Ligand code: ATR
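One chain comes next, on its own, written as structure tokens: the form predicted alone.
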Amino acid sequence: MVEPIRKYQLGLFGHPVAHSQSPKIHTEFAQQFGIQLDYQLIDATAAELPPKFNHWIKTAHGCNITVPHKQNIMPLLDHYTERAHLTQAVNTVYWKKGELWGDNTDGDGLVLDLQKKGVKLEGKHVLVIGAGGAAQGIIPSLITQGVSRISIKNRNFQKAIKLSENFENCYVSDDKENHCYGLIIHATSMGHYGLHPELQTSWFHENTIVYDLSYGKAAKPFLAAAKTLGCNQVYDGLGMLCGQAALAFEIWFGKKPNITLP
């Protein structure tokens, strides 16, 4: 008797999630190894997350977590990795010896994409706009790549201070700071509402690189604003999405997929 092929249940928790490319990306990864997936999108508000997650995960192989739940998910897990501890955010959940673990592949996924684009991080002064889970998720990986300094700019100044205190060589940028940056990273959710943070001409030099952690329509307002200031090297986060997804897939299945943009 031929045993039925196992179909692995995976998914993405967030709010909103309908726009996500994750099912397409992970299905393509799985096809490289002949793995069958049922990758679901689970929209959940902060109040809905605990009951929905606790019920769904019982029969799942693992899941991804996106905004706004990368920190909300942590109390629902048994353990999390050192990488997740440093970022205080989780984007990948997996089972290990019957217990739920959380990891964060966002920062390393960003680095993978920047390297693929030929961006050298060592020695760069980086501006991160935003101080939430997305920003915290990438800062440790930037530091390990040898950036010279990270400045954080956020509408809530105290939140930026709190984030900067978690890392060495990480500082808060205020309106009086007048620096040129080698890399400017947008890490807020403003683009999902058609908005972007204010940019200053003084931040840019001829080789400044601009990167929005969002992708598609959500990245357009910020990237368009950077272009109006003369920035030619602008990227959305689709490559990062694929990079972090590949690292998550490797956690779940122990196999490293080839990365191709959808």
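Think of the rigid core as the biggest set of C-alphas that the two forms share within 1.5 Å after superposition. Since the structure is predicted, the reported quantities are computational estimates derived from the model, not experimental observations. In case it trips you up, residue 1 is the first one in the sequence shown, and so on.
Below, we turn to the form predicted together with this ligand, even though it does not appear here.
With this ligand left out of view, the stretch that reaches within 4.5 Å of it through heavy atoms in the predicted bound form is, among 132 to 140, 106 to 114, 90 to 98, 166 to 174, 132 to 140. Residue Thr188 is the only one of Thr188, Asn72, Ser151, Gln145 with a heavy atom lying within 4.5 Å of this ligand in the predicted bound form. The shortest heavy atom separation between Asn156 and this ligand in the predicted bound form is within 4.5 Å. Once the rigid core is used as the reference frame, the Cα position of Leu76 differs between this form and the one not shown by less than 2 Å. Once both forms are fitted on their core, the CA shift for Pro140 between this form and the one not shown remains under 2 Å.
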